[in-house]
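Two forms of the same protein chain are encoded below as structure tokens; each is given separately, as structure 1 and structure 2.
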Structure 1
């Protein structure tokens, strides 16, 4: 295998996984595939594309990544789209809609020579979605990749966007629950993590020790962790309650709640205050406010934990669960949304619906080292098979093979 990045992935995801990617990519060699989104840095989409593009290139595909440029009003409009698609009752005025259309047209003019020639164009989210209107001579297949939960969109906004995306050849959603009915094939490609990112790479024990020492965490005592924004749907106060109920049965128990971004989010600030009130100065409850780039710190905390909690009351997918399972940690997760795909009850962790339920499982697991190890190993394998970015790439390739080869019900690999 003469490709350095693929070799690195083979080492963590498995040589079989990489061989399968090579097989799938064989009929796609030399094909022009262009991804388009609205930002080069920041956010989950950019993070995924940063690895997907070089991986596709190493597989022999002529993969490119274009980023559209917009005005502040354009981003104001697409932020409103985002909130409306997630169900908020927000109105988007005509002036903003015209700006959205204008920016799409300008970017379409700029990118047209490449995009009209490409074999496959993958447009991410609503920001660049209206460009298709300006590609009268397009040659290839156009796919709309929606990363947003559109299960209960604010209707007026969806009525505006739907005709724009209906013109695509296919669309892709993250989970079945997020899908809207569209007049073309709809595919499901769940989110994934990158095993080679700072958040997920193996760390030396000394680095984990140093992070624990910095936050006053004693590595010789049992440790619970929840990583999440300070948001009521993540139920951080419920986590403190579960900790309180468990502690009498597990001497020396410590809890870390690690989150960030609360300072610029009024709602987050209020939730953080509630968490502090619930913790009530307890020296064994560590409430951490981390900067946005604290990836290695989060990685270290996840590795230091004995059990990871994600006690969400509502959750899209729950990447924190994926991250913890990949580090071979059993996860006690809220019985909701994408957590159900990841926490296989009694196998990779436990699904719970209350602080009492969480405490019951914690009390049991913290006394069952062997079971924790077994569950951890199953969790890691579950993620290896289903939630690494190599699986996401495999599904993109499969989708392209199907669309370009006009095979909707059958894919032949020779």
Structure 2
């Protein structure tokens, strides 16, 4: 374990975990692995890739990250895809579908020299999914990685997308509940956080105090927090309602909604306006629009909070839940998708299905400091064991070894 970077991860995840990564990567050294997604800043996929690529490179893999470029109409189309895959009954017109196909073809032409020669290409989500059909001379294995809750997709949209991903060599989903029938091997790999990133490292109290002072947050009063993009599926308006139902029973209660936009999400501004309307100028509701690089600010807010919410209506995974648990905070989360993997009901937090349910749990937790501390400790250990990026990388490496080495039932580490 000569690498200083790997030594840092060994200190958090354990030396045995890093040794296993080195053994898995040994037969893959020098292999070209390219990840492709639709944005370099904003959103969980970009956060994961920002840390996963250097780790793969550290293990001797020629790992690269490419980002497609698209028009506003392209992103309007893929946002509709996203909403439809999460169950909304939406129609995607022929004009938008043609633009989606055109943008994929243009990006395929631009990236073809690298992608056709790569040993493994991992395409993230629907945005670049149609590129495969423009790679007639590809030599490597192509994997479609779906980060979305597709447990109950709107069928007309899935019928359009399914042929685009059916020709991949494998697919990866975050949960078994999300898996759709496809004519190739399907793998389950939940996302993860990087414990060494600015969003997750320990912070001095003075830095936490400074961030709270900057936004007018009183650390002597109880604080609720939700961190997420301004997206209706994150239900920020429902969080404001839960806060209002809780406040009469918890004097001095404050709420912070902190989030930003993503380049591939055109609905963010409209949702932000809805949140401001719901807050209605309440001085105890802080609606923050943060830049994509505000990682230490988010870290400080999560550490300042007494309880963290992620009251999503649909959620592929919810990295903000993982981040909060890693900081020993109990989480009240929507009873959906990947949140269920992380919020172990009554142990690391509570699962809820309505603003009223969230308010009931908030009233209880905000008057039960010892239980908050106990849940927080259990949450941090739950993340350490299951949701650090060393575990996700191990599973990606295992998948690549299986696909490239044509092994289906056993992988030996020697």
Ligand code: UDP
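Bear in mind that the values here come from a model prediction, so they are computed numbers and not experimental data. Numbering follows the first chain given and starts at 1.
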query: Form predicted alone, given as structure number; finding: 2
query: Hinge between rigid parts between structures 1 and 2 (choose from 144, 217, 325, 388); finding: 388
query: Turn angle in ° for the smaller rigid piece between structures 1 and 2; finding: 22
